[in-house]
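Okay, so here's just one chain, in structure tokens, the form predicted alone.
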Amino acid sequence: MFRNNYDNDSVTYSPTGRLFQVEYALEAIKQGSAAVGLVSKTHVVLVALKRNAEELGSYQKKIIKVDDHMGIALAGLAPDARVLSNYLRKQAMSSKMIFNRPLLTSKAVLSIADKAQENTQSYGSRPYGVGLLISGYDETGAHLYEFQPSGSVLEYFGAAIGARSQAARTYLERNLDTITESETVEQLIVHGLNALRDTLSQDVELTFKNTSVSVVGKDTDFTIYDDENVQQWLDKLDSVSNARNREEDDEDNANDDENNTAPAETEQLEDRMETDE
């Protein structure tokens, strides 16, 4: 059986029980630049890597404010993220107007999950090709959720989505205890930037132009830091390039040094042989 017999719409299952349209949407997330989220007892931090299509273009917006207590970071198709963020804004406004209270983060996440899941059971629509990290602080505390196009949502202590996000997840897993016990927002942001740094490709560094940071938490409204405002935390990193790439460069330099010294050693051996003769 060929895959394209079952991927013409999002309501047809393959013989193995798979929805290929949903899997394609998940692949779109993997092609987007990385976003990382971390949560402590009192605050939630989102950090994201912005991407520009070409040198003449501006950087794509990666973090969107929903309300004073909530925001999202995206990976994948930005237009789909804009639609979902607008829907969340309407839900937040309705909660304030009708119930006179902020929208709970859990209810907000479940509302877009239901909206996304409808697209997997309605003919003529497609799944949203974007993944979201939703951060929020409400009466129940600080929360971080990951949204997927299938309509699945999970709460995390730390999460990463986008290209090469597995490297960031590995960093978060190794430093989970330190992250959850972070006493200051600054420590949380530095951990987030370290995780984001591990997702960088070769010849790319974290700069204030391609990095976005957001903070929300106890006594702190959702705030986005862009451009020069990010530099204060980049200065606290030991390096702004990927450690894996640095190690590869060091190995290449070492190999070059060995290759350069080999001819000299050969010449010395030849001189010794001539002397002995």
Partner chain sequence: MNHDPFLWGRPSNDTYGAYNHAIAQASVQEATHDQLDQFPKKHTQQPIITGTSVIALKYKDGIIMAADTMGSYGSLMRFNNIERLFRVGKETVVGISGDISDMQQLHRILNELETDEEVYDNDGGHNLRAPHVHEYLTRILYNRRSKMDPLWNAVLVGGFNDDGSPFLKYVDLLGVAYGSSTLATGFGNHLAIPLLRQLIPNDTDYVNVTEEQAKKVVMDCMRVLFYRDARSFDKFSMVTIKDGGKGFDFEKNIKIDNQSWRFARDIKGYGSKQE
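Positions refer to the first chain, counted from 1. Just so you know, these numbers come straight off a predicted model, no measurement behind them.
Keep in mind that the form predicted together with its partner chain is missing from the display, and what follows is about it.
From the list L104, V83, A163, A113, which entry has a heavy atom within 4.5 Å of its partner chain in the model of the complex?
The residue in contact is L104.
Just to be sure I understand the contacts: of S152, T140, T184, Q202, which is the one whose heavy atoms reach within 4.5 angstroms of its partner chain in the model of the complex?
Here the answer is residue option T140.
If contact means a heavy atom within 4.5 Å, which one of 192-200, 95-103, 120-128, 176-184 is the stretch that engages its partner chain in the model of the complex?
Looking at the other structure, the answer is 95-103.
Does any part of Y145 reach within 4.5 Å of its partner chain in the model of the complex? Heavy atoms only, please.
Yes, Y145 sits close enough to its partner chain in the model of the complex that at least one of its heavy atoms falls within 4.5 Å.
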